[in-house]
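What follows is a single chain, given as structure tokens, in the form predicted on its own.
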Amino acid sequence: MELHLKDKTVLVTAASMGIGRAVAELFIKEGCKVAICSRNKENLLKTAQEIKSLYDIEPLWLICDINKAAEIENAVNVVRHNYGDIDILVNNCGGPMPGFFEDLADEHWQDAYEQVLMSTVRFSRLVLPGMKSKNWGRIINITSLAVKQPVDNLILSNSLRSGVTAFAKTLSNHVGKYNITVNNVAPGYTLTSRLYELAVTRAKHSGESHEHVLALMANDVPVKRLARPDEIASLVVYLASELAAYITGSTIAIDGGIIKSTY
């Protein structure tokens, strides 16, 4: 299947591991010029070297703390300098800290706001002029099943990721005339370090092992397993393709059926 993505410039944020890394790898397979960023230099270097060993192509890697506006601006400028204007932006980030409402202070809310919502706003603002000049672009935000079905103990993620979906829907209405689409991908339980950390946290509260907690998570999913990061990445790459040019303003769950609502 031809996706018409060869030579497109892609920036994937928080891409040193997990879903972000899987997304970067699939875009490289499609012949894109891929840049990845993370605030963890060690993980970035390891990922870049492993990708090069697999595909004989080293992604452009950038150290960027997405909670900081200046570092976001610098990252986008470096990509432009090396590859040109960004055609495809994948806004990904780690989940904010778990906790119930009573556990969280103002600074926790502020950090989550910067990490989840404002990073998406800032990256999008910076790449849109180049997309408009080309009359083509894709912005894809990695959110969570929590935007459709809130998860206990994740009030920060539930709240701020829902803000991203509202932002994306509003923005999609504004930029559609430039052949720019804006969509959200809402993964369910996916085998990443974030899910492992959540399982460990739940295990501490329940007194069970984290392995048992992960097994219970998988059993709750109608397909009876957890997702692989590359399965989430496949939807992201499809949404970036010409085949998905008429999809915009949408939030698409890829969750094995665990979300109970019909919309």
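The first residue of the shown sequence is 1; numbering continues from there. Quantities reported herein were computed from a predicted structural model and do not represent experimental measurements.
Same protein, other form: the form predicted together with a small molecule, not shown, and the subject of what follows.
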Requested in this report: Sort through S193, Q110, T170, N77 and report the residue having a heavy atom within 4.5 Å of the small molecule in the predicted bound form.
Outcome: S193
Report summary line: in the predicted bound form, the residue from P150, G99, G94, G163 with a non-hydrogen atom within 4.5 Å of the small molecule is G94
Requested in this report: Pick the stretch from 24 to 32, 204 to 212, 60 to 68, 233 to 241 whose residues have a heavy atom within 4.5 Å of the small molecule in the predicted bound form.
Outcome: 60 to 68
Query raised in the report: Heavy atom to heavy atom, is G137 within 4.5 Å of the small molecule in the predicted bound form?
Result: no
Requested in this report: Give a yes/no on whether S16 approaches the small molecule to within 4.5 Å in the predicted bound form, heavy atoms considered.
Outcome: yes
Query raised in the report: Heavy atom to heavy atom, is I142 within 4.5 Å of the small molecule in the predicted bound form?
Result: yes
Query raised in the report: Looking in the predicted bound form, any heavy atom of Q115 within 4.5 Å of the small molecule?
Result: yes
